[in-house]
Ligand code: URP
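Just the one chain here, the form predicted alone, laid out as structure tokens.
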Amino acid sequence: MDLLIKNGTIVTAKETFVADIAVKDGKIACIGAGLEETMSVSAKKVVDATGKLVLPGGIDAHTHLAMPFGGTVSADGYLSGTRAAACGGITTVFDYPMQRKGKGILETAEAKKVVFDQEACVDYAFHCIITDLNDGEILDEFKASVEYGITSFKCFLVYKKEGMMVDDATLIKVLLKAKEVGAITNIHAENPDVIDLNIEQFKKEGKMSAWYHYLSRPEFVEAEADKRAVHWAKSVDAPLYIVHMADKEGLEAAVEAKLAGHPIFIETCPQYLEFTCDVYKREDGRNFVCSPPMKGQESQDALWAAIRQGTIDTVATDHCPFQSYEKDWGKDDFTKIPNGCAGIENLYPYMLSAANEGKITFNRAVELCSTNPAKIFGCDQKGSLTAGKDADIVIYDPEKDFTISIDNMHSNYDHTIWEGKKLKGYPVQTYVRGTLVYDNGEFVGTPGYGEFVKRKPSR
């Protein structure tokens, strides 16, 4: 055996028990009590996890690394973003290649894959953003994309001026073709026309602080688009994954459809669980600008209730940070602020701290941040501690106090919205396919070690 983690408390989405885990050739070989005494061959490395929790590696199903947006590029590239992921217990990241007019899905993905293969510190997968069907050529490429291992496609119902938005007809074509080939459609739901109308009015009134970013796209602006996306998915009986759900009304519509038996999946993000729209009234409010924005307390309460009830499926980050000087471009005009915040290193620790504080169970944290994203997106070797699966393992110390600071993060940005957040418990080691990549505050992995995750179709 290559590795034995002994005496730890193993936490899965369904169970919690004390046992040892043996790893060989990057896979979990066996799980059981007293393996060190019963194994016929000694392990090359033994880690005593007494008093610690042993968890499946986290999966961040929503990141935008090195993404061109708002006149710049997101601060974390493939190396720094996946390095930070490793240090937060994330062993697989999903990034979003963006298909543009005249470009195909696979050529777009391959261009990203070349760099990821050189720089990724953890394993990675792709959703592909669809912006233009190129007279139907892109739809014809869906089947080949699924065979390649990309089994999810994203549509924006917003960002019309940026050339990223799809209309309802295009959305329905994507939903139908994705369903046909065994893929799932991801959706960013906001109403662009109402946002533009609000922005135009605020400009006339000289109301351009970060607070008006929120007021330009409040709860009902997201809710309308959530409801429209759910309506179309139900109408054509196609699976739908709603990214970064932030509002109560849209959440309720999606949950209603889910409980009625429709394949509707709901993702939210840590920033919506921690902050409300009041952050936009702060002097540094521009640093919190993302889309959709943080909403009111009622929406935040609804999100936590859905997490506890099991109707939210995943928590991911929408990790898309920018430097503070870039955020400052919009100090006096919120429309010039690059949209996005950091979170890739904070996701798993934040949700596990919530479990440690009694807000949810540790099993639920594992389900939201590992097991469910693996199931939804066809990562059959990820998401659980099971013999034969990848040895993506996190050792978590529930007694370790940790305060988030820009000084102890491992990304390339110069500020974080999580500055000063105190967490109860923290990961102390991360293994990707049995290899140690993070150890007690230090990244010890190797850029380029991460592998592309070829996913299975949903049918």
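Only a predicted model underlies this, so the values are computations on that prediction, with no experimental measurement involved. Residue positions are given as counts along the sequence shown, with the first one as 1.
If you look for the form predicted in complex with this ligand, you will not find it shown, but the lines that follow are about it.
Peer 1: Taking a heavy atom within 4.5 Å as contact, would all three of Lys154, Ser291 and Gly340 count as contacting this ligand in the model of the complex?
Peer 2: Checking in the model of the complex: Lys154, Ser291 and Gly340 are all within 4.5 Å of this ligand.
Peer 1: Exactly one of Leu303, Cys320, Ile138, Ile150 has a non-hydrogen atom within 4.5 Å of this ligand in the model of the complex; which residue is it?
Peer 2: If I apply the 4.5 Å criterion carefully, the residue I get is Cys320.
Peer 1: Only one of His244, Lys248, Lys258, Lys336 gets a heavy atom within 4.5 Å of this ligand in the model of the complex. Which one?
Peer 2: Contact check passes for His244.
Peer 1: Work out which of the listed stretches, 424-432, 407-415, 42-50, 56-64, brings a heavy atom within 4.5 angstroms of this ligand in the model of the complex.
Peer 2: So the stretch in question is 56-64.
Peer 1: Please tell me whether any heavy atom belonging to His188 falls inside 4.5 Å of a heavy atom of this ligand, as the geometry stands in the model of the complex.
Peer 2: His188: yes, in contact with this ligand in the model of the complex.
Peer 1: Report whether the minimum heavy atom distance between Phe402 and this ligand in the model of the complex is within 4.5 Å.
Peer 2: Answer no; every heavy atom of Phe402 is more than 4.5 Å from this ligand in the model of the complex.
Peer 1: Is Tyr159 near this ligand? Define near as a heavy atom within 4.5 Å, in the model of the complex.
Peer 2: Tyr159: yes, in contact with this ligand in the model of the complex.
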